[in-house]
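Shown next as C-alpha cells: one chain only, the form predicted alone.
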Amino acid sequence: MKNIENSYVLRIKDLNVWIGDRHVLKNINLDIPRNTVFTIMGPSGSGKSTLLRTINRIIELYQNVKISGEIYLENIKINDQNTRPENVRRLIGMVFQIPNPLPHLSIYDNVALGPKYNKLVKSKKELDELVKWALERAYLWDEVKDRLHEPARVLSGGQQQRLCIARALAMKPKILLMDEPTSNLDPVGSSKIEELMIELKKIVTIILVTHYPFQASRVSDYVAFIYDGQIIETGPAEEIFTRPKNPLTEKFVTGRIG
C-alpha cells in the first residue's frame, strides 16, 4: 500500500509568522502534492508572499521576525536551526514578481553561475549541457541559443523572467516557488509563463502565488485561498472554482473581493 506521506513533497504544520507586532500568518497547515501546480491565492496583503519567503527561509533575513511551526521537505524539517538555509534554497528555487537576472552577466552565465558555485557539474561539457537543458525547459533556448554571451539586459521582460526560471531550474530543485511571476508582463509574456508552468510540473513541483483568480483557474491542480493570514479553504482547483465551500472563497473567485 502506498504511503500517503510519499505523495507530498512539502508539508506545513501549525505555521505562525510574526513580523514585529503583526501576526502575518496564522496556524497555516498545508500538504503540497508533488508534481503539481499548487496555487496560493488571495487579495493583496493576505500573507501569500510571506508564506513563500518562509518556505525558503528568505524571511529570516528580515528584522523582528518570529516563526513557530514546522515545514517538511519530504522527510527533512527545513526550518530546523540545524538545517542550513542555503541548503534549503538549493532545493527550493524562487522566481520573484520582478525579473531579477544579473544584468551585466551573460545569458549563459546567469544560468551557469549557481551550478558552478555549488559544484553541481564536473566539466565544461556538463555545464554546457545543463545550461541548454535549463533554457530549453524555460522555453527560451530557441530565442537565445545564438546570443548566449550577450548580457541578460538585452532580453525583453518576459524573456528575463524565463531566464530567471531557467536559472532556478539549473539547480535541479524539488520545488519552484513563483511569486506573482506574470504581474509585470504583457499578455503574451504572461501566457508563455502560464504554459511553461503547466509543462514544468512534470519535473518539479510549483507553488504559485497570485491574486488573479482567473490565472489560478487556468494553471492550478490544487488551490489554497488565504485571507488575512489564514487558510480559508483548500482543495482541487476544479472544486474551489466551481463548488467553493466558504462564502469568502466564493466572493474572491467571482471578483467580489480582492
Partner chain sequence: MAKDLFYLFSLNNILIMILIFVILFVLIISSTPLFEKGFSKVVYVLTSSIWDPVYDRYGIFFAIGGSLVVALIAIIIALILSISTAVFIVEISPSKIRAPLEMMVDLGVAVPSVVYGLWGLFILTPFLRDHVMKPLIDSIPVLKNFLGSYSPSGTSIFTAGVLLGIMIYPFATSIIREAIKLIPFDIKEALYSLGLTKWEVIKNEIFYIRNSILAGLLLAFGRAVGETVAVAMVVGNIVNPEFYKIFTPGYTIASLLANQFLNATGIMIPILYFAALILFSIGFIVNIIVALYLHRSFHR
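Fair warning: this is a prediction, and the values are worked out from it, not measured in the lab. Numbering follows the first chain given and starts at 1.
Keep in mind that the form predicted in complex with the partner chain is missing from the display, and what follows is about it.
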query: Answer option from Lys192, Arg218, Lys201, Arg53, heavy atom within 4.5 Å of the partner chain in the model of the complex; finding: Arg53
query: Proximity to the partner chain in the model of the complex, single hit among Val121, Leu105, Leu148, Leu185 (heavy atom within 4.5 Å); finding: Leu105
query: Contact flag, Gly158 vs the partner chain in the model of the complex, heavy atom cut 4.5 Å; finding: no
query: Contact label in the model of the complex: Met94 to the partner chain, heavy atom within 4.5 Å; finding: yes
query: Contact test in the model of the complex: Lys125 vs the partner chain, heavy atoms, 4.5 Å; finding: no
query: Residue contact check: Tyr62 to the partner chain in the model of the complex, 4.5 Å heavy atom; finding: yes
query: Location of the partner chain contact in the model of the complex, chosen stretch of 70-78, 163-171, 140-148, 127-135 [non-hydrogen atom, 4.5 Å]; finding: 163-171
query: Complete contact of Glu180, Arg243 and Lys245 with the partner chain in the model of the complex (any heavy atom, 4.5 Å); finding: no
query: Stretch 112-133: residues contacting the partner chain in the model of the complex, 4.5 Å heavy atom cut-off; finding: Leu113, Gly114, Tyr117, Asn118
